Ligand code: BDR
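Let's start with one chain on its own, the form predicted on its own, as structure tokens.
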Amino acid sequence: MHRILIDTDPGVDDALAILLAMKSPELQVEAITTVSGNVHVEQATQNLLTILSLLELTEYPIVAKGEAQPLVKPLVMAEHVHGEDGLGNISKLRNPDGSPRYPLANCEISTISGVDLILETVDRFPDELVVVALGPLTNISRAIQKDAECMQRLRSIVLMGGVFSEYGNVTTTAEFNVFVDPHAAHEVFNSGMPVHIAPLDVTHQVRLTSERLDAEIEGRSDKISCFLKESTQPCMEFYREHVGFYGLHIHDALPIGMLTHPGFFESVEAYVQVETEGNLTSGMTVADLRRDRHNSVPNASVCIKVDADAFLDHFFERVLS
């Protein structure tokens, strides 16, 4: 079993990842921290409570609100992809009696910051805790700045971020999470901690189409099935117009699968660098992923291939169980 802390900016694909993590018996979710990214951290925290409410838990992980702004750059968000509230505008939906269709979980927000919760959780589980980063790496970078010695006791960081051989999803060269806070990504990749990366190169291999989703939830009326259908619609419309298929990539679910079912994935060791200054290339991740080319000591393991069919089957088996 892996003890994990999830750092997230929900985000539709973050929501799918959180549901998958919470339904994975291989994982013990000890804490969840929020960060600005897809939406501002205030909205991200509300979204997290909405996601947790779907699970009808008797006991919740510790939740804390993290950093509102990247280390250096102005914040860039992605409401145009995920909807104004970050979850496909489901916050506007109401039951016939006027109550919210998707209420918030009765879960307290910690009085300590997300950065402090990360450090506290590492301290509770030294050499055991895995941080799963689904958004910009601002919180993790701040934790390193505050107590680098403590952060060296992390077992590893598994993250969704970066792109190497494909086009980016913000600029031609940059993936969103790294683009939002490239300085934080640079610090994390060069921290000396074990880092495992799921870049766009591999997340683009898993396509959740509208047809597949409809087939999986046909005849179901449970909360999670309804959430999957309603939260993903704006994303799917965006993808149909801008990406070329009616569906979406479930980027952030892949780091969860890398922990629970590593056999689905193939990775290579690499020395990953982040461009922090370029006008055209800010947020670009640079690495030589050819297996026989190691000009520098690797600082990360980069996932390059996934058994997409097996992973998607596994995703639905778990999330709809």
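From 1 onward, residues are counted along the sequence shown. Not measured: the values here are computed from a predicted model.
Below, we turn to the form predicted together with the named molecule, even though it does not appear here.
- Residues with any non-hydrogen atom within 4.5 angstroms of the named molecule in the predicted bound form fall in just one of 205-213, 247-255, 107-115, 224-232: 247-255.
- For the three residues 18, 48 and 87, a heavy atom within 4.5 Å of the named molecule turns up in the predicted bound form in no case.
- The named molecule in the predicted bound form is approached by residue 177, whose closest heavy atom lies within 4.5 angstroms of it.
- Remark: residue 134 counts among the residues lining the named molecule in the predicted bound form, judged by a heavy atom distance of 4.5 Å or less.
- At the 4.5 Å threshold, heavy atoms of residue 169 reach the named molecule in the predicted bound form.
- Taking the partner from elsewhere, residue 200 is found to have a heavy atom lying within 4.5 Å of the named molecule in the predicted bound form.
- Residues are counted as partner-facing when one of their heavy atoms sits within 4.5 Å of the named molecule in the predicted bound form; in 19-58 only 38 qualifies.
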